[in-house]
Structure formats: structure tokens, C-alpha cells
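In the block that follows, a single chain appears as C-alpha cells, in the form predicted on its own.
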């Protein structure tokens, strides 16, 4: 999974990226070229608990790849330009950092703070790229139709692309559409920007903490849909928090009246939008969180661990994390009847602890 961190200059997106990649004093190595790219660990308190119980030699978090797109700071050059569009096609989702804080020492590129305006800039610019792509593709289809080959398939594609084009021309987002299987397949091939799931992180200052819910609610009323999540974010606080050891973070957050890191909340939102979930494998050697798509079967999840586990799957020993935590051991889980043997068609749930039996 690759998430693109985007936003106008001086919105706080690089501070957000640095907070993600420097957690508890451990900086993740990243490459600073056209963009800052890093593989980050996904925080998961359930995995932390399992590590305490099993004391393994190795702990392996689920990971995601994040890309801090480095746009131009020149107000005459559009942030969401051709360079952006080329990279953005490779993203599975966007986190759009929108500036909501005042700071006279860091002037806004548009001179004023306007959350709604900055969100609309992103919407409008990405729509322009998609419209340009769709219009060119439709022109090519018309040329291909004159050759008389694959006519039925081309006409179906034309019908879908025409619908998408008309949706964008009407000012709506393609994220609002319910896609058929044919449309989902086309989107995988075309990677249209306005179809990609979007998280809008409103970057607020410390003085906005009490009013953050009100600000966020107003933005949600205007922009939130099934494929858009909107969350408040305090970049300076998160940056300082990321530099602290684990044992000091709770006290630090409580000083500001916060109960959890916004980074954790945003990553969960990304997982939810992308239809992802985690299951766990545990033991003395390793405790590990595995990322899978929601709706995957036990056999498919086994294949994520190793191809042989898929091909030679027999059964999965399964207990949900909540049941394990309540019982405290696998033995107690068996006594209470929450430790189960499941077949290849079992649909894995978020938080399942699994051991795969295979030939």
C-alpha cells in the first residue's frame, strides 16, 4: 500500500511526514529526491500486547509506504502539476494536508487561511487531469472503432468513460460513484486520481484543540463521502510526540487533552478506506501483523504468509485477539470454546490470531 502525502506549500505535510518516519527516536531511512519516500511501521496496540505475552525474538509490524510529494513553493507554479500527476497515479490513496493554522512567520501561499478553498484546489486540479485523460482516451476509442476490431468491448469502455467524463464535467467527484466490476477493472488500469480514496488532515495549532471538533464537523458536512475521511491534526504536537520514548507519550498527550496520536487515527482511516485489515501470527520466534484485504478467506490469508501455505492449506487454528486477551492463554481459549479450527472458506476477521496447518 502506497499513500501519497499531498498539500499546498507550508501546509505542514513535511512535518507530518517527518512525524510518521521518526517515532520514538527511531528514524526510518527515506529517499529525498522528487519526493520523500519511506516505509513506516503501522502502530498496533494489539501487537504490542501479544509481544508482552509471548516475548518473541522479533516483532514485525504491518507496514505502509508513504510518499511526501515535493511540489514547487513558487506561487506561480501549480502544486498539482504534471510532475504530481505522474507520481500520483502510483498512489493507492491520498492524505491531503490542509492548513488551518495562522502563523505570520510562515505566510500562506494564497495569502489567507481558507480550508474550504484549499480542498477545492486539490479537487479541481485533479479533476482537470482526469478530464484530460478521459477525453484523449475517448478520442482514441473513436479511432479504434473505425478499424472494426473488438467493437463490443470498445463500445462498453466508451459507455463507462463517457459516464465518468460527464460526472466530472458536472462538478462531482468520481469517488461518489458506485462502481461495477467492469468499472473497477478499468480504474485499476487507468488509475484516475479523483477515484482514489482521500483522507483530509486539517492541520491546526495548539490553540485550536478545543475548537477542532467544531472545525472538523463543518468541513465534514461539506466534503465527507464514503471514500473521503476528514480528521483534525496538530503537526507541531505530533512532531514533538514522535521524538519522545513510548513511556512518555501518554503524559505528553494528556497535557494537551488528547487521548491518542492523530497519526494512529489517520493510519486507521487509511486502512478502512482501502478495505484493509490485520491478522496476527504469534510464537517465541516472532509476533507479526499481516495486512490483508477485507473479505479474504483463510486460505488467501495463508497465501500472504507463503505461497506454499496457500497451495498446501489444510486448516487454520483461529482465535480472535479480544477473546485471547480476555482468556489470557490459548489453553484457556480452548476451555471456553473460542479457539476454533476453520476451513479454507473461512472469512478472516480483523484481529484474528491464526496458525496455519499445511502439508
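Numbering follows the first chain given and starts at 1. Predicted model only: the values in this text are computed from it and were never measured.
FYI, the form predicted in complex with a small molecule isn't displayed, but the following is about it.
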item	value
Listed residue that, although the small molecule is not shown, lies within 4.5 Å of it in the predicted complex (heavy atoms), from 190, 101, 129, 271	101
236, 108, 220, 243 - the one with a heavy atom within 4.5 Å of the small molecule in the predicted complex	236
Segment assignment from 146-154, 130-138, 202-210, 251-259: heavy atom within 4.5 Å of the small molecule in the predicted complex	202-210
Contact of residue 21 with the small molecule in the predicted complex (heavy atom, 4.5 Å)	no
4.5 Å heavy atom contact, residue 10 to the small molecule in the predicted complex	yes
